[in-house]
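As a starting point, one isolated chain is supplied in structure tokens, in the form predicted alone.
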Amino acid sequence: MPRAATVVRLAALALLVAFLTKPQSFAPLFAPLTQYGAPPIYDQGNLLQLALAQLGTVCLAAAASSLVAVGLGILVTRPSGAQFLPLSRTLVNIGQTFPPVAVLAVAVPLVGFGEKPTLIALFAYGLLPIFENTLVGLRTCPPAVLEAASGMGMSARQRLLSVELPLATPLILEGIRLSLVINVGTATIGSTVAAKGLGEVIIAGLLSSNTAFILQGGLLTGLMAILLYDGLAALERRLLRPVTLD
């Protein structure tokens, strides 16, 4: 990894941490964006707590999306489950077909206000990239490797766990990272149904015509998304090892 890129990432992380822990230190930067004595820094809640709450919701939704999407991907790439591919594609496309706001509108009457409808919306929205990457990863395993695994006496289950999934892991993780980044931004709409998150800052800015609040919410959300994607990519590079048939 180039040193310059590392410096930029560390600087972005330091900026995010500094703003979340000591936001009032940045008041002079945002003061020109306010009018009529409005506060330059969001003061109706703790920014760090809001950011952690949003991140927690996103990660919980991503865990559920990953479990379901990867499971469906495995099912439809097996001979016994291939017939369910059209149905599975239809199901995972629902989250992308209907905007998260529409999903929230349907979910609120069923589960009430708060985190639950936001989790449902993010879960549905995050299925497609993970599912499609799982399909591509499992379908593009080299035939020679699969034949070698079968020649070694591996059962279908052993071949899946020891060969196919390890080979497909980079693509699956790429889908999960993409889903996470999309949902970090999407999660801000959860504040419209009383879910905790940085969307509160943006909504407060819109209601009070405070550009400083809107910019703060947007910048913090953007930094979180970029750093999360970058951090997961770095972790993947460290954890993944070449697959061997020992």
Partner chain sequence: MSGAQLRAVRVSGASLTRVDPLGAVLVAAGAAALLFLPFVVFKSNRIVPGDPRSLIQVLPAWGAFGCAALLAMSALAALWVTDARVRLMLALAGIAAVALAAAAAGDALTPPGDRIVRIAPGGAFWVLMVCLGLFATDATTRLKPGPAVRVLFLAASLALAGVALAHGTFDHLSVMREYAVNAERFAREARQHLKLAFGSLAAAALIGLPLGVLCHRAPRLRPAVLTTLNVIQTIPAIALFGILMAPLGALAAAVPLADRLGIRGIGAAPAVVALFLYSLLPIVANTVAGLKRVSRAAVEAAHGMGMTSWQVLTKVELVLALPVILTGVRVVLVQNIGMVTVAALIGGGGLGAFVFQGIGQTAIDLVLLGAIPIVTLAFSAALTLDALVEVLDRVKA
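For the two forms, the rigid core is made up of the largest set of C-alpha atoms that agree within 1.5 Å on superposition. It should be emphasised that the depicted structure is a prediction, and the values quoted were computed from it without experimental measurement. Positions refer to the first chain, counted from 1.
Beyond what is shown, the protein has a form predicted in complex with the partner chain; the following relates to that form.
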(Q) For the interface check, one of 203-211, 23-31, 36-44, 59-67 should have non-hydrogen atoms within 4.5 Å of the partner chain in the predicted bound form; which one? (A) 203-211
Q) Out of V136, L119, V111, A105, which one falls within 4.5 Å of the partner chain in the predicted bound form, going by heavy atoms? A) A105
Q | I226: touches the partner chain in the predicted bound form, heavy atom cutoff 4.5 angstroms | A | yes
Q: Find out whether any non-hydrogen atom of L91 is located within 4.5 angstroms of the partner chain in the predicted bound form, and reply yes or no.
A: yes
Q. Can L55 be called a contact residue for the partner chain in the predicted bound form at 4.5 Å between heavy atoms?
A. no
Q.
So, P99 and the partner chain: in the predicted bound form, are they within 4.5 Å at any heavy atom pair?
A. yes
Q. At 4.5 angstroms, heavy atoms only, are T6, G71 and T77 all close to the partner chain in the predicted bound form?
A. no
(Q) Suppose contact means any heavy atom within 4.5 Å; which members of 59-91 contact the partner chain in the predicted bound form? (A) Q83, F84, P86, L87, T90, L91
Q: Superpose on the rigid core, then tell me if the C-alpha of V108 is displaced by 2 angstroms or more between the shown form and the other one.
A: yes
Q. Between I94 and L52, do the C-alpha atoms lie closer or farther in the predicted bound form than in the shown form, with a difference of 3 angstroms or more?
A. farther
Q: Can you tell whether V136 sits closer to or farther from T90 in the predicted bound form than it does here, judged by CA atoms, where the change is 3 Å or more?
A: closer
